[in-house]
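In the block that follows, a single chain appears as structure tokens, in the form predicted on its own.
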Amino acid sequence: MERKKILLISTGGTIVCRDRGRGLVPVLSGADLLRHVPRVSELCDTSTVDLYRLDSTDMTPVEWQGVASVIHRNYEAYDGFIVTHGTDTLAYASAALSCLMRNSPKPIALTGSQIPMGQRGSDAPDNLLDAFIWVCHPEARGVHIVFAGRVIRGMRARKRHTTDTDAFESVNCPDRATIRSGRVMITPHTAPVRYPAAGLSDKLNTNVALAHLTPGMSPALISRMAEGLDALVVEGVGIGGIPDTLTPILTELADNGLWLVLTSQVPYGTCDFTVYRVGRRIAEACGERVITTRDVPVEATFAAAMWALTQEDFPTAFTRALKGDM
């Protein structure tokens, strides 16, 4: 069997960090990472691209578009791709790449670590090796986070713990697979959802913001937040509720052309703005300028909005982004 060719794209994060006396900073290269995991050479042929050396706190949609561009340019030359990335915004990155790489027949795995590569007790070697094991697996396709032996769909991931090495969870969806002692175990009934491919993209509209509603929040704050935006993701409360005091300003913003994407602050369970009057009234007031989600994490909602704004039909594209989940 012909050996697979895998491209490792390094962007920074804890996995490449060293302490230079003023806190952890990203310094290692992709080649440095591979030297710590010699078993990778038994699995496949590898190349590396050192794209960024950033703490993931400083990663933005601009950098995720840069990652997408590298994958696009090299898509035909490689069988799979691995992106090393800091954990703090890894779920946002995986959701963004899931939109930009919708229905990719080739696997794209994102990974990182809670403890720097080479440091005692580091989870980096296992995470990186597992990422390579996954992208070399015959059933691997689409975008996933590979972390702590879990393979999580890119649109379903959320960081759940700041220090635990089992840092990520899959929201309202089982893990695609688990990896133990080098063996991939596919979770039953988790075959990829197959929708017509939208093609690869490297464009996101960054004129999107997230409003986490709090009791007594000022309408003026929402108004200022929405300045210059094309879409506002609104985290309502419970199964789906918007305070009555905020309905007028949200209605005004929608009337002026702003897209409102309604989701819930609660990560688990469904989101349904039709159950209570406090949810229905915003949809009735804003009409076609309102879109609601059901069970995806806010990271995926945010990324889907950025991608859908680059398409001709925002509501249709937004729904397609969420449903085209691998």
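For clarity, every value in this text was computed on a predicted model and none was experimentally measured. Heads up: residue numbers just count along the shown sequence, starting at 1.
Another form, the form predicted in complex with aspartic acid, is not on view; read the next lines as being about it.
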>> The chain here is shown without aspartic acid. Which stretch in 206 to 214, 111 to 119, 229 to 237, 177 to 185 comes within 4.5 angstroms of it in the model of the complex, by heavy atom distance?
In response: 111 to 119
> So which of T46, S56, Q65, T292 reaches within 4.5 angstroms of aspartic acid in the model of the complex, heavy atom to heavy atom?
Replying inline: S56
> Which one of G80, G149, G86, P125 is close to aspartic acid in the model of the complex, taking close to mean a heavy atom within 4.5 Å?
Replying inline: G86
> Closest heavy atom of T14 to aspartic acid in the model of the complex, within 4.5 Å or not?
Replying inline: yes
>> Using a 4.5 Å cut-off on any heavy atom, which residues of 165 to 180 would contact aspartic acid in the model of the complex?
In response: none
